[in-house]
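Taking the form predicted alone, here's one chain by itself in structure tokens.
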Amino acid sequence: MTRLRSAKIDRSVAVVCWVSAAAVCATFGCLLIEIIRAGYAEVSWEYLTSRPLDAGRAGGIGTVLVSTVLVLLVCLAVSIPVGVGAATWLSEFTTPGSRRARFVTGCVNLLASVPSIIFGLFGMVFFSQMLNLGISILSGGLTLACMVLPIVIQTTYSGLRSAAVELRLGAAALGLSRTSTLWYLLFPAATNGVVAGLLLSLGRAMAETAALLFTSGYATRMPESLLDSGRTLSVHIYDLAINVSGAESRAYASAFVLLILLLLVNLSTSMLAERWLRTRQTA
């Protein structure tokens, strides 16, 4: 009877898991189909290269794409080094559970729970006004970097801590320096965690709207420097859907482009990470 009951429980759990997975796939499929159906017809080479006209009802998203890429580059250039460095310090240069480690971990957890609108207000006051950067691409990128830092730190830290203890013991037995141990052993072992953090950070940064409304602005002209205002794709979609009448199809087209960009970024990042890992293994 006990064995029969266990088998029934196993089958029930399996059914629940399959139903959950199917629900996730169905939700994503419906979202994707709706966006493709409503926005694919608007997408063309001219749409991707020209600037918005008539408040976005005409023209394209060329300047918006440039602003989006610049904001993301600023975000990653700040968040990746700082996040990986903080995670490495937590994992390798301090005792887990110590007062310093608990304090830094608590700060990271608090940052992860702060709403994006609060980051937007902080970025507007600190970067735009106090540092005199204005409503600019640089302010928006730095604000996004603050937002994604907890994701980078947590995923990188989890990847480093999941590395086998034998790696550290073997490195110590061979007399490897701490830097060599990190570069040749621990970072390759934590590649999956670092890549997961990078992809999650990119996804959140590319989809963020609230924080950028206060920091990077609405301008649709071609940015000439990082101190120029620039509208990102997510802000453009929000503006078309909420503030511009008769631009629903254009909003769907921009959403379709954003999904394609996310897919391309995910694939390219995974391929680069695998290539780097193979290079490190053969070095």
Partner chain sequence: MSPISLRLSILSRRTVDLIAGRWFCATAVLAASIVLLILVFVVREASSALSDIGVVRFLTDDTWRPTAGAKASYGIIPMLAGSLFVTSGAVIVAGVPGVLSALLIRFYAPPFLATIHRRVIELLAGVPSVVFGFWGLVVLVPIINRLHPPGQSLLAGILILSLMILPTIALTAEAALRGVPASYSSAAAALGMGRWATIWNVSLPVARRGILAGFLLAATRAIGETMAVVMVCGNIVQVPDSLFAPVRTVTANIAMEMGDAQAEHRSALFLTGLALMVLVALFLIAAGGPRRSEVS
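Here the structure is a predicted model, which is why all the values come from computation and not from measurement. Numbering follows the first chain given and starts at 1. The term rigid core refers to the maximal set of C-alpha atoms that superpose within 1.5 Å between the two forms.
Just so you know, the form predicted together with the partner chain exists too; it's not on screen, but the next bit is about it.
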Quiz prompt | the partner chain: the contacting residue among 146, 195, 133, 202 in the predicted bound form [heavy atom, 4.5 Å] | solution = 146
Exercise. With the partner chain left out of view, choose which of 226, 258, 43, 65 has a non-hydrogen atom within 4.5 angstroms of it in the predicted bound form.
Key: 258
Quiz item: Heavy atoms within 4.5 Å of the partner chain in the predicted bound form: does residue 237 have any?
Solution: yes
Self-check item: Distance check, residue 70 to the partner chain in the predicted bound form, heavy atom within 4.5 Å
Solution: no
Quiz item: Hey, in the predicted bound form, does residue 155 get a heavy atom within 4.5 angstroms of the partner chain?
Solution: yes
Self-check item: 4.5 Å heavy atom contact, residue 150 to the partner chain in the predicted bound form
Solution: yes
Quiz item: Judged by heavy atom distances of 4.5 Å or less, which residues of 238 to 260 approach the partner chain in the predicted bound form?
Solution: 238, 241, 242, 248, 251, 252, 255, 258, 259
Quiz item: Comparing between this form and the one not shown on the rigid core, is the C-alpha shift at residue 27 2 Å or larger?
Solution: yes
Quiz item: After fitting the rigid core, is the C-alpha of residue 192 off by 2 Å or more between this form and the one not shown?
Solution: yes
Exercise. Might you say whether the CA atoms of residue 113 and residue 266 end up closer or farther apart in the predicted bound form than in this form? Their distance differs by 3 Å or more.
Key: closer
